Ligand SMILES: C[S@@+](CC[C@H](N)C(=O)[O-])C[C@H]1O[C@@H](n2cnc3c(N)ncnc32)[C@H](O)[C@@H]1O
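First, one chain by itself in structure tokens, the form predicted on its own.
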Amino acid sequence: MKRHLVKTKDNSYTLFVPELDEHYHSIHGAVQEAEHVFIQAGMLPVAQKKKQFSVLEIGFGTGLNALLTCLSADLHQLEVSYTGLEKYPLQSEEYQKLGYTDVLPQHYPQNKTGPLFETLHQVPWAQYHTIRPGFQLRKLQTDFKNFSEQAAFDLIYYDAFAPSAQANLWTVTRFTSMYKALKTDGVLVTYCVKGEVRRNMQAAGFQVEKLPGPPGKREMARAWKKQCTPGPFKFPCC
């Protein structure tokens, strides 16, 4: 898969895939999008209830979401077990050009970011590695449809390419798999909030809410796997 480096509006970089006519992140700001959607709307609300939890990322990609999660875990004294799925891993000459160290929000320790980012990409695949105290990473090189772990995660970052590029990743079938992968009261966050995607999430059993989106996008989605209510009525989560 060919990929080209692109600078976004917050001065951070992303990658562009000509084959799909798709960017890995928002051109309005790669770091701003990741921080807003996955950390502020996903990780930190979960951390208000749990200091130890597990994360599944659909689309490890550039490693930006894993980097921010690792830094946030350290900042808030959390214990995070992180699994990232990626079918087409980046090569060293690609991720070394991304330069996220210089453009992260100020509350993150800038001087530690470069070596940490390298480590996230360099550790071997298919097994857990302790990246730093409080953060374990497991990277799996696999197609998303081949992943079937159940009731294993508290939080899912759904960061696949947009439905316009890969519609098969946004179907009821895919979200049913994500629903099964979550523990009860688990959360899924994604940048995509279009009507068909929301309906597919709801058909899979999720309760879905719209939230304000990152720069350049009006809204995003957060979905919950809620405990079924006993009784004679069949609720969507049942």
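This one's a predicted model, so the numbers in the text were calculated from it and none came from an experiment. A residue's number is simply how far along the shown sequence it sits, counting from 1.
From this point on, the text means the form predicted together with the named molecule, which you will not see here.
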item	value
Non-hydrogen atom contact residue 87 with the named molecule in the predicted bound form at 4.5 angstroms	yes
The named molecule contact in the predicted bound form: residue 169, any heavy atom under 4.5 Å	yes
Residue 143, heavy atom within 4.5 angstroms of the named molecule in the predicted bound form	yes
Partner contact for residue 29 in the predicted bound form: the named molecule, 4.5 angstroms, heavy atom	no
Interface segment, criterion being heavy atoms within 4.5 Å of the named molecule in the predicted bound form, picked from 179-187, 205-213, 39-47, 55-63	55-63
Partner-contacting position among 153, 161, 135, 95 - heavy atom within 4.5 Å of the named molecule in the predicted bound form	161
Partner contacts in the predicted bound form for 1-39 (non-hydrogen atom within 4.5 angstroms of the named molecule)	23, 24, 25
